[in-house]
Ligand SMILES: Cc1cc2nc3c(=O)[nH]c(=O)nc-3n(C[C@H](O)[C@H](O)[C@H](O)COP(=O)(O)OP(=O)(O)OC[C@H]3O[C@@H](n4cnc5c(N)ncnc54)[C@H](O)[C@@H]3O)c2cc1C
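A single chain, nothing else alongside it, follows as structure tokens in the form predicted on its own.
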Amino acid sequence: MPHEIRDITIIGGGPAGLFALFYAGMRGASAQIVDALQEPGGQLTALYPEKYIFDVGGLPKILAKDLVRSLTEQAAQFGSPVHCNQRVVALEESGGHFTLVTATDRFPTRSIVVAAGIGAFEPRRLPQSCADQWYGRGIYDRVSDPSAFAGQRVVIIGGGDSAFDWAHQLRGRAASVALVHRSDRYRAHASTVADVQAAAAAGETALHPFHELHDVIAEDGRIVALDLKDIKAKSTRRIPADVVLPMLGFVSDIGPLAAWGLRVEQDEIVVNSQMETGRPGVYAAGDITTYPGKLKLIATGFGEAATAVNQAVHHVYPDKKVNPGHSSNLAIFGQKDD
């Protein structure tokens, strides 16, 4: 489906992308976000919505999901659309503008800001075929609302940060929490591992190292238990389960962006101080960028987004200044315009 042409199209709906959408509206440019995920927020929504962030200016601490909500509300005041479930597959250029092509839609635009984070990413799926039919019906590889698992017997599979974070977060909410991993070496932060191990010692959480999924046991169309295989003893054991959360990490890929004539090194876009990518009209910001001294932080992503948008606005409208001045003086907010 073709959409109306916009001044700026932002690829990616994470923190940098959402702030870029707000900033474009503040500059009086028409803008939109195109994102491959099901909802805005990028890694904050997909990986750690319930974790606190402490290094965002002006906020002593804020839950990741609440930061996403605030950024979404900030951007929404200009009515710019956010198009989710839209994985970009191609970029066309003709008639003085670009067209971003997805599997279902076409998005014409006068400029582009790539704020795609680590690229399009998908959760790793459980390798056992017995799990395939239960995805979305008891097996969930993303958690957006932990209260949905209240009173349920939850089994988490994995040994990284996400697995241990949810083992910690769901303790006390779920009826029971068990964590299954193929070894006793964990990739999560030591403090979180220690917390979960202490809970296991106190009988509040079950830990099953050196185990993997062997089979899913169901009754009346719902999961009731899992058979686990002990990879050392080659034996199996059955544990109760209503919900399975495979937290096996993500597969990320910048996809077609690598063929757009941008300067790309190790799946990162090389930019200069103006966030230029090497292709006129295409800018980048956030974790997907690299340059000398680059810091992959939300705080720096906000600044990069502002720079990229200001450059894009000047590219589309050469008579507009790159520097917008102070927001406290802008007419768009009802203030005295400089």
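As the structure is a prediction and not an experimental result, all values here were calculated from the model. One rule holds for the numbers: they count along the sequence shown, beginning at 1.
Omitted from view is the form predicted in complex with this ligand, to which the following refers.
Check your understanding: residue 113 near this ligand in the predicted complex, any heavy atom under 4.5 Å?
Key -> Residue 113 lies outside the contact set for this ligand.
Check your understanding: Does residue 97 reach this ligand in the predicted complex, with heavy atoms at most 4.5 Å apart?
Key -> Taking the distances in the predicted complex, the answer for residue 97 is no, it never comes within 4.5 Å of this ligand.
Point to revise | Contact of residue 88 with this ligand in the predicted complex (heavy atom, 4.5 Å) | key: Contact check for residue 88: yes, within 4.5 Å of this ligand in the predicted complex.
Point to revise | this ligand contact at residue 53 in the predicted complex, heavy atom, 4.5 Å | key: The answer is yes: residue 53 has a heavy atom within 4.5 Å of this ligand.
Exercise for review: Counting only non-hydrogen atoms, choose the one of 22-30, 293-301, 308-316, 265-273 that falls within 4.5 Å of this ligand in the predicted complex.
Suggested key: Heavy atoms within 4.5 Å of this ligand in the predicted complex occur in 293-301.
Practice item. Decide yes or no: are 48, 118 and 286 jointly within 4.5 Å of this ligand in the predicted complex, with each residue judged by its heavy atoms? Key: Result yes, every residue of the spot touches this ligand.
Practice item. At a 4.5 angstroms cut-off on non-hydrogen atoms, which residues of 19-34 are near this ligand in the predicted complex? List them in order. Key: Residue within 4.5 Å: 34 only.
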